[in-house]
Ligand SMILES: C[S@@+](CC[C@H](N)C(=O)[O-])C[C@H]1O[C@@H](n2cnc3c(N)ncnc32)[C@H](O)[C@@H]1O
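Presented below, as structure tokens, is a lone chain in the form predicted on its own.
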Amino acid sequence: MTTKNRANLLYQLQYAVRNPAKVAPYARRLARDLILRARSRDHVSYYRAVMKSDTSRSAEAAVGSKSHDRWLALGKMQFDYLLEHGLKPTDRMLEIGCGNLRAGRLFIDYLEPGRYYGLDISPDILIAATETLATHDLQDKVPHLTPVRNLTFAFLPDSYFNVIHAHSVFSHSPLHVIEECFAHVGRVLAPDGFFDFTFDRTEGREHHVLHEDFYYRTETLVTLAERHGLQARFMADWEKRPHGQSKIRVSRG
């Protein structure tokens, strides 16, 4: 959780003074992002281009892991949490923004064959996901990996998934993309199922940095979910874990 507005010019200048070694990388990222935004027709197209660029250097870094050990740890953190919350091998799971299967490889291994569905807007990171499957000998689990253009889930069946999971997706999404998800996720969620998502939480002014990192207040996302007939609650027990984002759980109203 942050109380600082990272988009504020004064904050950025103070941060640059405290961290001079990060100024040049930030400037390169800013220049790249300006070019990608100019070439993209909407946010999803823009962020797909960001992922293509990031994945070309490192698939693990592209999903937000600064090292392989951190990639392993973050995946296990997500898996352990859902296991503690009753995930069963017979559940049908949908992972939105599955990336290169940082957590997905553990879900796939645990669930019965064919019960894992992973979606991502980036074809490049999904290619990396197939490499993760091969590396961890998970071919016999026959997971479903699908590239998507949006979060309408139009090709998926009604009331099908017991567990829907989105980690570090809404932290990179403007509000209209999140609302698109809320408008459609209730249809594919089983009556007794739940949808967990993480987000960058702020208690101050909502803002974004470079159209890549978005910071929201809890009440904004809870109210938006309720507008689409969903019940939402803040998951305080997630806060105990060494992860910078917060978590909300949504169920059908």
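Each residue number is its position in the shown sequence, starting from 1. Quick caveat, the model's predicted, so the values are computed rather than measured.
Below: the form predicted in complex with the named molecule, not depicted.
Even though the named molecule is not shown here, does residue 51 get within 4.5 Å of it in the predicted bound form, heavy atoms only? Residue 51: contacts the named molecule in the predicted bound form.
May I ask you to state whether residue 115 is within 4.5 Å of the named molecule in the predicted bound form, using heavy atom distances? Although the named molecule is absent here, residue 115 would stay clear of it in the predicted bound form, with no heavy atoms inside 4.5 Å.
Looking in the predicted bound form, any heavy atom of residue 225 within 4.5 Å of the named molecule? Residue 225: no, not in contact with the named molecule in the predicted bound form.
Is residue 163 close enough to touch the named molecule in the predicted bound form, meaning at least one heavy atom pair within 4.5 Å? No, residue 163 sits far enough from the named molecule in the predicted bound form that none of its heavy atoms falls within 4.5 Å.
Contact stretch among 135-143, 122-130, 155-163, 86-94 - heavy atom within 4.5 Å of the named molecule in the predicted bound form: Looking at the other structure, the answer is 122-130.
Considering non-hydrogen atoms and a 4.5 Å limit, which listed residue (177, 183, 82, 73) is close to the named molecule in the predicted bound form? By the 4.5 Å heavy-atom cutoff, the listed residue in contact is 177.
Interface residues of 204-238 toward the named molecule, as seen in the predicted bound form [heavy atoms, 4.5 Å]: Going through 204-238 in order - heavy atoms within 4.5 Å of the named molecule in the predicted bound form - there are no hits.
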